[in-house]
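As structure tokens, one chain now follows by itself in the form predicted alone.
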């Protein structure tokens, strides 16, 4: 248990553990062979270790509560790794700025490791409603904001980041953002204001995770639509990571 209602679930799956790239996800059926609940739940791969992988579960519904209560020895039905990873190897930036909201931390541990391996400086900006909802393990150069002021900066993580951008404390940054939709939208606006590249990892419900059900569309911006002719892109196949300027959050 990381925080109240927030747990990690570790499972044995050599394919997921050894092939996942930072930013990819798995689609999980809470009980192998079960027909209730019928639909899978998508989760970012939080950690990998040998032949084992971990996901973070925020228990807030029937399916996620079943997953959070999984006992040792039980079987899960896991599909993955899925989706496109974070694009951290290209682009004109010197400092990777991880902007994290709540359970969005699930996609950031592997990204942190990958960035450190590439020799890139990392700054982590992490916001939550209260300090009890923070999962602080293994994040680098951490700046914390809480809505209630119980830890770190009193206010939103976006306002905290804005102050540091105004003070020019970060050299040539690129934002990597995952969290609630409103926070990601605010981060994209902030990045556009300062002319900073921004990548967001979208969180949405999906049934299949492989592009068949067409249940996870995200609108493209007008410029991208004119270039590609595609009004929508699928989070599961084209994402979950997107350049913020190419979609409408």
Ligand SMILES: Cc1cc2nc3c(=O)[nH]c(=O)nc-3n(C[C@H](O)[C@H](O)[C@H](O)COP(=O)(O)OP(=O)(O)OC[C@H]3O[C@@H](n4cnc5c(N)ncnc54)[C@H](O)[C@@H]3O)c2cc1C
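Since this is a predicted model, take the numbers as computed values, not measurements. Numbering follows the first chain given and starts at 1.
Not pictured, yet referred to below: the form predicted together with this ligand.
Residue 96, heavy atom within 4.5 angstroms of this ligand in the predicted complex: Flag for residue 96 set to no.
This ligand contact in the predicted complex: residue 39, any heavy atom under 4.5 Å: Within the cut-off, so yes.
Non-hydrogen atom contact residue 220 with this ligand in the predicted complex at 4.5 angstroms: No - in the predicted complex, heavy atoms of residue 220 and this ligand never come within 4.5 Å of each other.
4.5 angstroms heavy atom contact with this ligand in the predicted complex for residue 183: No.
Heavy atom within 4.5 Å of this ligand in the predicted complex - residue from 64, 48, 224, 70: In short, 64.
Sequence-ordered residues of 200-224 touching this ligand in the predicted complex, heavy atom within 4.5 Å: Result: 202, 203, 204, 205, 206.
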